[in-house]
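Okay, so here's just one chain, in structure tokens, the form predicted on its own.
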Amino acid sequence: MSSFDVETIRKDFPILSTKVHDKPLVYLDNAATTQKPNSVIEIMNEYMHNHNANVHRGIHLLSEKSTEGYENARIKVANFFNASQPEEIIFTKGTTESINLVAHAWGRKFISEGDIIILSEMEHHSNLVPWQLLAKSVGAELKFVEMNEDTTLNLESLKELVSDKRAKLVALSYASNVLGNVNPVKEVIEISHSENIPVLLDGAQAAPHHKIDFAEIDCDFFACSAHKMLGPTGIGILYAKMELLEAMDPFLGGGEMILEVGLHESSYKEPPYKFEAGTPSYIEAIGFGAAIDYLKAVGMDSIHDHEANLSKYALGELKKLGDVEVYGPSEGRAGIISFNIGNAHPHDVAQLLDADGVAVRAGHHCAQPLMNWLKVSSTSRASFYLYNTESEVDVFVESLDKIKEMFN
């Protein structure tokens, strides 16, 4: 395994000592949401107990304290991803809202009838439905990068699509929440930028697992959620280059995002506040900041190596079982393994695993077009994070072996 001490890390997560059906919890549903360390739980409680007040609007001490925590969280996120300035970080409810924000505030202004939006068939519904709605609204067209037989993106297909002068945006997942593919986003961006086409990355499944440098990859938009990277639910970010934010219209109207308001028209603040109408989730943002502190302390490279070793071990153990079909690449995947076992329905598999204390996800994983491409209705999915261990993989595989025998 990796150089960090996973048993020491596990002690920071109180839920991992929980028992499920009188069995020790083996939590392998991290692609859906991750567990929270004590440092995140404690700082959120601290602010609710001692510092709770609305941000920006107050001149009293409690408000100043909340505002400081909120804006420090923005700085932490900007530094974590190497954004050029904190003002390029917009706090949202999460990846879904971030992508919808771009579709409304940028898409409705810059995409017109006959234009093309380029996606892929591996997209999560959050990076598909907003573009369907936009395309239907303005008369644009959706086109899809082809996938190779090994489930990787076909970059020749991308080159052909971006060469169409009607193409206005490429919006792709950084890593698939089903296949575990880590897409070659830097190459995707270079190909797209060669035709002056901006790129949005759905980073929900990438941000938690390895180091991402916005300056290096040069993406135009990036969305991710805190709850998939040790933080609370209800908070995430949209990153966008400042020139794009300045050109975009507001997404929501109301308090905080205004400069002056008259009866018939208003003027708006500069980014990021133009896109943060109303009272923000400031305690959740502060929790997100604490989660980033934790990830930085452990080290993103160490997290990536730990997950890669764990995935390799799990894939090897699953292969020994036989009669298990695993979807996605054999190498270079994120810590996600989607699979089907024999004739067992994924929902039955997940329920039986739960009886042994093992939490996995079953269903179409909000990626129905990809399920159609794979020619299955659903899969079971195990997903790992920094606190998972080889011994937990052993429990998972042993339980699967019993399930396989049961259905045989």
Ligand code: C6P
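Residue positions are given as counts along the sequence shown, with the first one as 1. The model shown is predicted, which means the values in this text are computed figures rather than measured ones.
Heads up, the form predicted together with the named molecule isn't pictured, but that's what we're talking about next.
- V376 falls outside the set of residues with a heavy atom inside 4.5 Å of the named molecule in the model of the complex.
- Put simply, K228 is close to the named molecule in the model of the complex: some heavy atom of it is within 4.5 Å.
- Contact check for C366: a heavy atom falls within 4.5 Å of the named molecule in the model of the complex.
- By the criterion of a heavy atom within 4.5 Å, M48 is excluded from the residues contacting the named molecule in the model of the complex.
- Of the residues K143, H210, H193, H124, just one reaches the named molecule in the model of the complex with a heavy atom at 4.5 Å or closer; this is H124.
- Comment: the named molecule is not present in this chain, but in the model of the complex one of G180, P272, G94, P130 has a heavy atom within 4.5 Å of it, namely G94.
- Here the chain stands by itself, but in the model of the complex one stretch of 152 to 160, 169 to 177, 306 to 314, 184 to 192, 169 to 177, has heavy atoms within 4.5 Å of the named molecule.
- Contacts to the named molecule in the model of the complex (heavy atom within 4.5 Å) from stretch 188 to 219: D202, A204, Q205.
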